[in-house]
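Form predicted alone, single chain, as structure tokens, below.
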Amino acid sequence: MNVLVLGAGQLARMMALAGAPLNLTISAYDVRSGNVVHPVTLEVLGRGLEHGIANADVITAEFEHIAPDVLRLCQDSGKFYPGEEAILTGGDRRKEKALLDKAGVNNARYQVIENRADFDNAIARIGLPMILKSALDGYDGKGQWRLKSADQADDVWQDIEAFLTASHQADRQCVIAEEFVRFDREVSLIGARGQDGNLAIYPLTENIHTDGILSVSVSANENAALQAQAESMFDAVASALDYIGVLAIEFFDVNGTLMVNEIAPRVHNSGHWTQQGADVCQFENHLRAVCGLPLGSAKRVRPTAMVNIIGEVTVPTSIMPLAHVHWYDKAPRPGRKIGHINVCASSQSELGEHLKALSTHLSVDEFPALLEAAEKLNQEA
């Protein structure tokens, strides 16, 4: 079976690696060049989206910010999973908020802002402090503002107005204002939904961010109450979208009550731990789902943490006894994810010790959350 992935980045690469044992042939449509390429070698296999669609049995996506005309061509082929509406929803916070309301899941109060009057109304209705996020193209902390007090309003609005004007999608762009949620931590849930409606849902992970970018994601402990909340909301959202494939949902944990922060209609950075820590990884389960194959077990087989490699970083070979290193074959630059490290252990406390040991080999400036993650694991053990 031939699978075409929209996008030729690291997620397509990891899908290709997971698909080979299933005898699936994975190609990727590079949205920048218009070429169909091999996701690992980047060898050009063909030119043009039409060529890719014609040679594919199934089409899927590795990211949300895809041009509407590309999505429409794929949808019209009848081969596209999770489909046009799911990808559009993941890439547009207006649609995402409407979906969460439709599914009846807990999320932050919000208001759509297109002009200064909307901005002033949001301040009056939602109150301060407030978070503002671009509806389109925002990720890894980009396209976001925090309004803490009324005396900042004019400056923040001027910045937002300039952003809206400069956006390459200015005709469709807007900003979503959200109440500021005082949460204890962020957790995420990765799950797969098959063409038959069956679910395979992984255990919750706890995420630690640095400057808006995920640094460490840990799957090590059990919280049955939180897991049940998360799975219920996953089912509601996936059913509302008639979703097929892997879906990620990020939550705020507020005193034991979960609130959806955002969704990602694809395999997700916080699920990379499943490569070494789960019975069947998220990449294989996504391919199983979109290809109409039975889903595999999402059971965690051992406590595991994923550590992002970000920027112009190298890692010493001395970490190899402690870790599984995954490089993306991407040119390093500040803020860019160029790889990740999976660290496994037989227990939660041992995982904390492994992360602590790993920190002695790596720069605290380049891997700032390692010790924080280790300390949390040791406190909870």
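Every value quoted in this text rests on a predicted model; they were computed, and no experiment measured them. Position 1 is the first residue in the sequence shown; the rest follow in order.
This protein has a second form, the form predicted together with ligand AMP, left out of what is shown; the following refers to that one.
Among K299, H209, R72, R302, the residue placing a heavy atom within 4.5 Å of ligand AMP in the predicted complex is H209. For the residues W145, Y81, F183, F163, the 4.5 Å heavy atom test against ligand AMP in the predicted complex is passed only by F183.
Heavy atoms within 4.5 Å of ligand AMP in the predicted complex map, among the stretches 128-136, 306-314, 273-281, 190-198, onto 128-136 alone.
In the predicted complex, F119 stays away from ligand AMP, with no heavy atom inside 4.5 Å.
Residue contact with ligand AMP in the predicted complex: W157 places no heavy atom within 4.5 Å of it. In the predicted complex, ligand AMP stays beyond 4.5 Å of every heavy atom belonging to D235. The closest heavy atom approach of N261 to ligand AMP in the predicted complex falls within 4.5 Å. With contact defined as any non-hydrogen atom lying within 4.5 angstroms of ligand AMP in the predicted complex, the stretch 224-246 contains no contacting residue.
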